[in-house]
Structure formats: structure tokens, C-alpha cells
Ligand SMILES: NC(=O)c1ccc[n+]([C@@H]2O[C@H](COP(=O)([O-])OP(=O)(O)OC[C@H]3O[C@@H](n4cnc5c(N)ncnc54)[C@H](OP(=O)(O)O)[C@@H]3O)[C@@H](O)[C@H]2O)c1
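There is one chain below, alone, in C-alpha cells, taken in the form predicted on its own.
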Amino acid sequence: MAESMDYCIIGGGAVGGILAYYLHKGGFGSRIGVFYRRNDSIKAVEEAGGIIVEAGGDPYLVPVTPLHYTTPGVSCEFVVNAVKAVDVPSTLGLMKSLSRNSRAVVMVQNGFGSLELAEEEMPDRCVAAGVVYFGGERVRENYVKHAGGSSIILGSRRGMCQGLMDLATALRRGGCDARVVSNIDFYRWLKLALNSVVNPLTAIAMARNRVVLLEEAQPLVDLILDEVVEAARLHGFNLDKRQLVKHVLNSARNTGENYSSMAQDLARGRRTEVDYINGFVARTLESAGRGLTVNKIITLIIHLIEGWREHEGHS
């Protein structure tokens, strides 16, 4: 029997759980389906009665319907893909199935590549990006800790669609500062600049975000952002280096006690999104004839750590 959901979230990690929290509090519809790859995750969420989101120190139960990636016949008004960028290709079939009658499909991955893939695979749908500015950690299968920040910027490169405006309204009603913009790629570049510095430096140092504020980090911040500005220019975007530095350092200061998603991934032995962040910058510059770049070296270092963790986990 087909199930109809108001919101379908693919991936019940930190970002997926926090978005479910805001959507439930928004009160537009009560049917939130969260799709998981592992049956253990489904069982844990069922036993808890939903996802527990700790926000401001207080636990809040978000009643969701946990579903497996292979569950057939589900239709959704809105689809949000919240898996890591490295996992997006494996969710394309599910995303197409869920979004047959959807009003909007939103990709909330870091970096560049995931939105482009979804656009290519679903040329007839309202595919949009969500640039997330909130932190979180999935503590257990059914428990997510909201670590600060509360905004998301939404936009489609295919023009405005009403569904996206309504989704933003639902998120705002739930306490998330959501807005829709016409130039989403500009905001994706701003977020990439932030991610290209904070994520790998915290991951390599295995430190909280405040490590970026150290004097020893500043030469790396400058080198990374110089290349981000150069890569953005090749894609038609002029970014102000001084403003980027301010943006990165202010964000690191405001989220100083958080661990970045990349640091969390490495700590848990998972593959990171580095190829979609620093790797994307490096490939852009390489295609323009640049030789070895700092972003390339950083990408290789992160892959070395990934490989070592994977080797140790299987030995």
C-alpha cells in the first residue's frame, strides 16, 4: 500500500535530524518520513518513537516514520537529500522514486557536485540546493545533538518554484532562519570557502573549530582562500578575499566548541566530503593549467587519514 508523506528526508544523520526537528515544529503536516540504509537505525528510531533532537540542552522528540531505502510506493510532497556527498550516487534511484509528484527536491550536501548530479538525473523537477549554517552531531542512531546555528539558504538554478517558498515558510515557522535566493551558487561558494578551511584543518588536527583561530593556522587560511578565490573566478564569481577571511574566522569563533563534519567523519572511520570541497577547488585550478595546489595537498592528506582509518578498522 502506497504511503504519502509531507516531507521525506533521505539520511537520518545530524543534518537530516535537525531539519526534521524544524519541519515538525513548523506544523505544516505531521507526516515526516526519514529513510535509512541500515535496519538497526530503523529499529532504534521505532523504539524511541522518533528522533530525539537535543537543542539548547533540552531533548525534543520528533515523531518520524523510519523507512528503509528499499521501501516501495512512497510519495512525498517535499524531498530533502541529507546524506553525505559521497553517498548521493547510491540514493539517486530512491530520490527519483520519491519525487515523482514532489513540489521540490532539495540537496543539502557540502561542496560542489551533488546538486549538479541531481539536476542531471532529474531534468523535469524542481531541484534546489540548501546551504546549511547549523551544526550538529549524531550521537546515537536515534539521537542528534543540535550544536548551534539555525539558518538555511535555499535556491534553484532552474528559476523560482513555489514549492521552495512553501518549504522555507514551514522551516521558518519551526524556528529555522530559511530564505530563498535567486543566486544560490554565490552562497554555495561562500559556504565552500568556509568548509575548505574549517573542515580539513579541524580534521587533520582532530580539534574543535577554534583551532582555525590559532596564529599557526593563519598562513594555511590565507593559502586555501587564495585558491578558492581563484577557482571561483574561473567559474564567474568574484569573491573578496578579505571578506572571506572575516567570514571564516567569525564562523570558527561562533562555532568554536563544535567539531566539523569532516572531523566527525574521520573520527568514526567514515569517508569524508573532501573531494567535493578542497578536491573541487584543486580540480578547477588544475583544469586551468595550475600545477600542485595547497587544496590538492590537503585532499591527499585527508585521503591518507581515511585510508589509514579504514586499514586499521579491517586489521
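Numbering starts at 1 and follows the sequence shown. Note that the coordinates shown come from a computational prediction; the quantities given were computed from them, not determined experimentally.
If you look for the form predicted in complex with this ligand, you will not find it shown, but the lines that follow are about it.
Residue contact check for residue 15: one or more of its heavy atoms lie within 4.5 Å of this ligand in the predicted complex. In the predicted complex, this ligand sits beyond 4.5 Å of every heavy atom of residue 244. Looking at residue 255, you'd find every heavy atom of it more than 4.5 angstroms from this ligand in the predicted complex. Although the partner is absent here, residue 163 lies well away from this ligand in the predicted complex, with no heavy atom inside 4.5 Å. Comparing 174-182, 233-241, 82-90, 98-106 against this ligand in the predicted complex, the single stretch with non-hydrogen atoms within 4.5 angstroms of it is 82-90.
Of the residues 251, 41, 284, 65, just one reaches this ligand in the predicted complex with a heavy atom at 4.5 Å or closer; this is 41. For the stretch 235-260, the set of residues having any non-hydrogen atom within 4.5 angstroms of this ligand in the predicted complex is empty.
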